[in-house]
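The chain below stands alone and is given as structure tokens, in the form predicted on its own.
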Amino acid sequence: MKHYVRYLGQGFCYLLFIAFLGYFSGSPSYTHVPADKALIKFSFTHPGKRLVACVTQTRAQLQKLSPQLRYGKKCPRERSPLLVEFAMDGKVIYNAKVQPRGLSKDLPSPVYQRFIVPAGEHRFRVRMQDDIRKPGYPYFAKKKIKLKKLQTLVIDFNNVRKQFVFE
């Protein structure tokens, strides 16, 4: 008789645990974006230009080096930070100097920002400079997009075509 009571108590505890998990798996509800808004994800990685150009070594310089160090070019690894500006409806909402990653500052610079904006038609302007030694922004894009409620717009940079992509 004691075994039946113990099994019933154990089953009741399992049932309570399952009910607890079942309730909190769907409730309370959480929305990432309010129902009348849209989401913009401004996200890309891009390597800046090298801060110091590669130097071609002469034959005499190469002969002075040990055999495992004899490369035709000497290239410092450090890259330039990115200067990124994102504007919506004529107002700059993101402006940053993004440093390259890595111990030697030789990896691409990552950019990731989320913006929750009102649904409707908006004008976007994106600019990026990947060489701080030169003035101006060589990469530039303008776009007019009508965002629907709960729509997600991703703004990316295509490193092959060298242009911003709005998807």
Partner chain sequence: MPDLKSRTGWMAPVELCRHILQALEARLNVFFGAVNPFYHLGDLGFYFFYIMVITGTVLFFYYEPTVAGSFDQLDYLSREQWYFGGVLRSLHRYAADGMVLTVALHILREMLLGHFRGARWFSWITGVPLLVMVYLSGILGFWLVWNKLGQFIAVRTAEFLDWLPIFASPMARNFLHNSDVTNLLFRLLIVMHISIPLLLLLFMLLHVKRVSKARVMPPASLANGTLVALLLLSLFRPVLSGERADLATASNNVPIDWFYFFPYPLIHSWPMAVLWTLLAGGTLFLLLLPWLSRPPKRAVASVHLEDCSGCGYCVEDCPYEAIVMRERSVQHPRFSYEANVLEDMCVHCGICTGSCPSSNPFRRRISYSAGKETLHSGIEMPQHNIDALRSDILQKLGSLTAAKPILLFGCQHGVALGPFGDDDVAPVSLPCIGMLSPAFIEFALRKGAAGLLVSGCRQGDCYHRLGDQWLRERLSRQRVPLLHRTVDSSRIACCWQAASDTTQMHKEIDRLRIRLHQIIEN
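Treat the numbers as computed from the prediction; the structure is a model and nothing was measured. Throughout, rigid core stands for the largest set of C-alpha atoms superposing within 1.5 Å between the two forms. Residue numbers count along the first chain shown, from 1.
Keep in mind that the form predicted in complex with the partner chain is missing from the display, and what follows is about it.
Proximity of residue 124 to the partner chain in the predicted bound form: non-hydrogen atoms within 4.5 Å are absent; the residue sits far from the partner. Put simply, residue 39 is close to the partner chain in the predicted bound form: some heavy atom of it is within 4.5 Å. At a distance threshold of 4.5 angstroms between non-hydrogen atoms, residue 120 is out of contact with the partner chain in the predicted bound form. Although the partner is absent here, residue 34 lies within 4.5 Å of the partner chain in the predicted bound form, judged by heavy atoms. For the candidate set 62, 141, 132, 107, a heavy atom within 4.5 Å of the partner chain in the predicted bound form is found for exactly one residue, namely 107.
At a distance of at most 4.5 angstroms from the partner chain in the predicted bound form, all three residues 13, 27 and 101 contribute at least one non-hydrogen atom. In summary, the region of this chain contacting the partner chain in the predicted bound form, judged by heavy atoms within 4.5 Å and restricted to 124-132, 53-61, 109-117, 66-74, corresponds to 109-117.
Annotation for 135-155: interface residues with the partner chain in the predicted bound form are 150, 151, 152, 154 [heavy atom within 4.5 Å].
Residue 26: CA moves 2 Å or more between the shown form and the other one after rigid-core fitting. When the rigid core is held fixed, the Cα atom of residue 10 travels 2 angstroms or more between the shown form and the other one.
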